[in-house]
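As structure tokens, one chain now follows by itself in the form predicted on its own.
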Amino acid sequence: MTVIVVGAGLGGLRAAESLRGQGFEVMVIGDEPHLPYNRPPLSKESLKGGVEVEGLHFRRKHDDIDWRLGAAATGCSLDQRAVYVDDAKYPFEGLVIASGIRPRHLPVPGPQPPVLRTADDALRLRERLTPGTRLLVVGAGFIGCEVAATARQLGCEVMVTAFDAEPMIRPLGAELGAAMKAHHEAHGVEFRLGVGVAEFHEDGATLADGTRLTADVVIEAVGSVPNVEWLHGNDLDLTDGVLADNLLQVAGTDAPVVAVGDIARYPNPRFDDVPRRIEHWNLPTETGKRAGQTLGSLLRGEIPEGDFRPMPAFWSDQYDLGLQSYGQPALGTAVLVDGEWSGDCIVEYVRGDEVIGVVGVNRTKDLMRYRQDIGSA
């Protein structure tokens, strides 16, 4: 039986390996020309030290997977069991949706700024981050703040602007976000927060309050959009990614199809029964392996079994601070339980009487117990 995996990122790789290990013939279709590689370093150590994608490649367990790289899937018919890449048609018996996300762009006038998603994006940006370069970062999430920190270490002058009141406010909360802002400011980063962008220019941007910001380089880092367009016309729920059940079987079709990684929206009983799409670094691996098991069962005519309860986790390195998290902090209220907001600390995120997430700043060892405790009740 032939399985097609659409998406050559980490989630697609792990699903492909799982299915190949079960004896299925596997083809992977990817839009980038590169084999699967590690993305988190692109805004941190790789951007600072120079980008060589070969050094970021993941180790691959199988040499007999068919990689079709450099062209994105443009359509799909679940009724006909086929994926299309322009005029080419690839039939399948099972399908893995692993097409991931792309950076979102603000719908404002002016030239569209570059983004940081791929190794090629990072290479182009790295060439421009020379000492004295004025960099404007639009967006104060993790990518924007990591780029800001890296650019300061490279000797750039950096300004960050965002509509949010504090950097990284959604995952961290206002208090820890404000503390991270102060840390960036201590390293020379300027912030213009609480106001949106009205227009982009070749040399900067005009904010909604009329402020004109000038820069040599502008980068946009304002969130992501799931790559679902190639799935249109199949009556799937594509509201925010691809809706799937707890075992990652795609809802709304009788075809043997699963979704993995950043594009998958599924319930996690560790927290509740609400389907969510989560972009944390460990989930492509975990969803890829689980989806491979689910799809293998479907193709063998078996009923998938189990209870998928992954623990979301992420980390971020900014200057001398290492942030690490488990659970879903964005679902809770931040409570400082150890340390100071402005330094090394542990912050729990509480929903009702339950700790639903945790963030530690330079406290990696102290977070280990949370991996077992969060959502274990």
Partner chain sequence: MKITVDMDKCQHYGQCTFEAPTVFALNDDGKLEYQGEVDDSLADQVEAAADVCPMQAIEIAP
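Quantities reported herein were computed from a predicted structural model and do not represent experimental measurements. Residue numbers count along the first chain shown, from 1.
Another form exists, predicted together with the partner chain; not displayed. Remarks below refer to it.
Figure note: of the listed segments 131-139, 202-210, 113-121, 280-288, the one touching the partner chain in the predicted complex, with heavy atoms no more than 4.5 Å away, is 280-288. W315 is the sole member of W67, W341, F308, W315 with a non-hydrogen atom within 4.5 Å of the partner chain in the predicted complex. Although the partner is absent here, R351 sits far enough away that none of its heavy atoms falls within 4.5 Å of the partner chain in the predicted complex. Although the partner is absent from this view, E52 stays clear of the partner chain in the predicted complex, with no non-hydrogen atom inside 4.5 angstroms. Contact between N362 and the partner chain in the predicted complex is not found at the 4.5 Å heavy atom cutoff.
Although the partner is absent here, H62 sits far enough away that none of its heavy atoms falls within 4.5 Å of the partner chain in the predicted complex. Shown without its partner, the chain has Q324, Y326 in segment 324-361 as residues with a non-hydrogen atom within 4.5 angstroms of the partner chain in the predicted complex.
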